[in-house]
Each structure stands twice: as C-alpha cells, then as structure tokens.
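First comes one chain, alone, set out as structure tokens in the form predicted on its own.
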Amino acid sequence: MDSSTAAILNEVFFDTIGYWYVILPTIFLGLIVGGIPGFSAANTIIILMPLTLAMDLQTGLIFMISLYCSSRMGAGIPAILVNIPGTAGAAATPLDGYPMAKQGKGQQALAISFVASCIGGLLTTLIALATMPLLARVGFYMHSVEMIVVMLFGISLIASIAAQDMVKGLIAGFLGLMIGSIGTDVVYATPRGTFGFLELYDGVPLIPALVGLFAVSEALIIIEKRIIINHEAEIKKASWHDTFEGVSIALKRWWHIMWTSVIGLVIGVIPGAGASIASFVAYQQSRSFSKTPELYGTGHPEGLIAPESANNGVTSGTLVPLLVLGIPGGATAAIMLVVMQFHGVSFGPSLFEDQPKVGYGMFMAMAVCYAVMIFTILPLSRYMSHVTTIPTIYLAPMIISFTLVGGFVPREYMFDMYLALGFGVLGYIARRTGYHVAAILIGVILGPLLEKYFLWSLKKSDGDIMVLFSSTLGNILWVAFAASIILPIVFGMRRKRKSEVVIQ
C-alpha cells in the first residue's frame, strides 16, 4: 500500500467516525429489523428509499451499510433465544445456539454470536479492502459447474444432520428438495406441483417457509412448556460474568472465527450466492473437520461461531462485485447500486481513483460499524437472554403474530401467511416425530439452486454430463468436496482406534 492510499484511508477513517450520530441509531434500528423474521435490511432500505435519496451520498451509504451489518447480526438473536432465524442467513444459527439457550446459557450464546459476528465482519472487511482486485475475479471464474459443487457443500449438511438417525434425516432432506422443486421448471417454464396456485409459480417463497418451519412450529412446541429453558437448567440472574465467559469462549476459538468468516467472504463475492449458502457451508465444514463432531447440535460453541462469522463475512464480499464490476452481490447491494447511480457514481476500478472516498469509504464504514457494534451490542446480551424466561403463554402468541406479519411482508400476499401456517404444522409434526426441520429447510433453499445450475450446465454442453468435470477450478472444488466427506471419516476411525488402545 503506497503512502497516498494510506493517507486516503486515514482521512476516510476520521470522516466516517464523524458520522457516529448516523451509525449509532442505525445499529439499533438494524437489530430490531434483523430480529423480526421476514424483515431484512433490503425491506427497510426500500421503505426508507426517499429518505436515503434525500441524504448526501456519504451519509446515505453509511446509513445503508450500518443497517445492513447490524440487521445481519440482529437476525441471530431470535435464532438463539427462541429458535427463530430472523433471515435465511441465520438459518444454521439455531442448530447449536438454541440448545445453549435451553440449557440456560442464552447470555453466553449471545456473547459468542456477537463476538464471532463482529470479528468475522471486521476481519473480512479488512481482507476485502486489501485484496479487492483479486476477489473481484472470483465472480468471473464461478460459473454453473463450480456453483454446483458449492451447492453440494451445503446440501451435504443434510447427511451431517442425519448422522443421529440416517433414515429420518434423509427423508427430511428429500422432502425439502421435493418442496423446493415446486414452481415452474428452469428450462421450459412448465408448472409442477403448484396445485393450480398462481402464487407458487415462482417457487415456494423462502420467508414463509423459513418462519413456518422454525417460528410457527417452535411456538406450537413451546406452548406445551411453561418456559423455554429446560426444567433441569438453572435460571440465573443476569451477570457480567456470563457475558465475559461467552466472550472468552469465542476469543479462544479465534482461528475458527477467521477461517469460517473467509468462507463467507468468498461466497459473498459470488453474485446471487448469499448468506444462507455461506452459513450452511461454513457449518458443514466446521463440523466435518472438528475433533468432536458428535457435539454439534447439542450446544457446541463452534457450531454457533461458524454460521455467525460466515454470514457476517458475506457483507463485505457483496460490496466487491458492486464496486469493481457494477454487479450487485445481493438484494441490499442492488439497492445501494440504485442510490449510487442516482448520485452519478461510476463503477469499476476507476472508482477508487476518481472517487476514492466513495470506494474506500464504504468498506471503512463497514469496518467502523463492526467495531462500534462490539461495544454497543455486547452489553445487551445480559438483558436479551431473559427472553427465554418469559412464560410461553405470552411468548407463543407474540411469536406467531410477528412471524405471520414477517411472512406477509416480502410479497404482500395473504397466501403467504396461510403458507407459513401450513409449514408451521409441517414443522410441528416433523419435530414431534423426530425429523429435523433444518434438513427440510436446506432442501427448500439449496435444491432449486442446484437444479438451476445443473440444468444450465447440461444445456450449455448439449446434455453431456461430463461437463461437470470440464473446469479446472471445478475439479479442484470436487476434490475439496470429496476430501471434506472422506477425511472426517478417516479422522473419526483414527480417533476410535486410539480410544480403543487407551481403554485396553
């Protein structure tokens, strides 16, 4: 980095700090938005679009980025406390976050989540800033063949979830894949499984499926209990000790935060990939290479760190194709594109030469936002964790009310509210009979994407299945995928042999 760039970054940093009066309130707004299932930064920015356009460019960008980062973190709060992911990006968070809350460790779980999110987001922002030209090329090399392997990384998590009961886990996963195939097919646009409902022609909407499978079904489950915390778990008074304990647990696993957040960064650079894919892939990789994979799903800190650091790593990744190529990496980035075009910003590598305060300023705003959040949000974990002690007679109706509204917001169809209730009943039956709703959701999210990229590949190769192995990068990813499946099995066998030798 030359001296002129360093001087620009220094100037941009102090300029950004001067907008603290925008950053602080927006962080708390983002927490609220992220915590309501179905709402997101994109929804809120669209609603506030007139206000954003009325601001000057720098203020508007800082506002949008602060809202984007904080809402991503906020989505993990209900996922941990009441098993309700605020967005699809937090869908893997409840797998270990909620068991911790049920054990009376909600405060530690929130602290772990906040630290992993802030460090992961801050680290990947700095990496993106330093390696932007290199990262920008990722989007050029990730075509349909490569994306198929990325999807398989996430879908293989179904097998990990199914480890405890393989038959039920695979049935749940295949059910999710079948539900995900509803809608018009990619090639001929022929309706399938829509039962004549026009609202399903675009496929099963993700938010109603998410809030139904997790939120409504969880509300029906907790009605049967007095409070969320298990009866054997001790209800403790809020104390700073638990918060610091959570911080300590997260910091001891700093390397885990680093490499899972980098997974989020790389996937975030790929336009259209998104936080849901990043969180599932990071969780799958974390579990596959863990020395204690059997602890995942029971309240294991690393199972909470992986998705939270990855989905916050995505935030900086989405800015790279936006600024360097003019291609938005996600819905929020697309809205930023509109605002920047309104103010006459030209995209491309020249942006960092012609308007360096805009190009570098967006990454600096993100870095400052994550740094501020660690000090403003962490103390709140002491009070947020007491949601788990609210009697379910009050909590369950609130959950169902908020989630049904969240299911309605994205498309504004009454049909989506009924669909959320239908998925809620399906999720309730699945939970009561021992099927994992996360496996169903993985199929619903990743199934249609896998089909789309697979058919695109076949179409370009005139039906030649060997096209899946025609790319150098794709073959590297295939090897990595095979290694992620085989190596954990080999390591597990070695650990088993060692334990048998010790016992003897």
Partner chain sequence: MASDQNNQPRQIGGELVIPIIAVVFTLYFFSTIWNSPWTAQVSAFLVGGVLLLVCAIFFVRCVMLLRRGEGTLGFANLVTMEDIRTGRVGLLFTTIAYVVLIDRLGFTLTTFLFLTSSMLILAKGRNPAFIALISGVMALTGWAVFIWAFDTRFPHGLFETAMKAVLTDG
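Remember, it's a predicted structure, so these values are computed and weren't measured experimentally. Positions refer to the first chain, counted from 1.
Only in words, not in the display: the form predicted together with the partner chain, which the text now covers.
Partner contacts here mean any heavy atom within 4.5 Å of the partner chain in the predicted bound form, and among 245 to 253, 185 to 193, 364 to 372, 106 to 114 they occur only in 185 to 193.
Using a 4.5 Å cutoff between non-hydrogen atoms, Phe402 counts as a contact of the partner chain in the predicted bound form. A residue is said to contact a partner when one of its heavy atoms sits within 4.5 Å of a partner heavy atom; Thr44 meets this definition for the partner chain in the predicted bound form.
Although the partner is absent here, Arg432 is a contact residue: one of its heavy atoms lies within 4.5 angstroms of the partner chain in the predicted bound form. When contacts are judged by a 4.5 Å heavy atom cut-off, Arg382 does not count as touching the partner chain in the predicted bound form. The single contact residue among Ala130, Leu134, Leu198, Met398, judged by any heavy atom lying within 4.5 Å of the partner chain in the predicted bound form, is Met398. Between the options Tyr428, Tyr296, Tyr360, Phe153, the residue in contact with the partner chain in the predicted bound form by a heavy atom within 4.5 angstroms is Tyr428. Along 205 to 222, a non-hydrogen atom within 4.5 Å of the partner chain in the predicted bound form is carried by Ala219, Leu220, Ile221, in order along the sequence.
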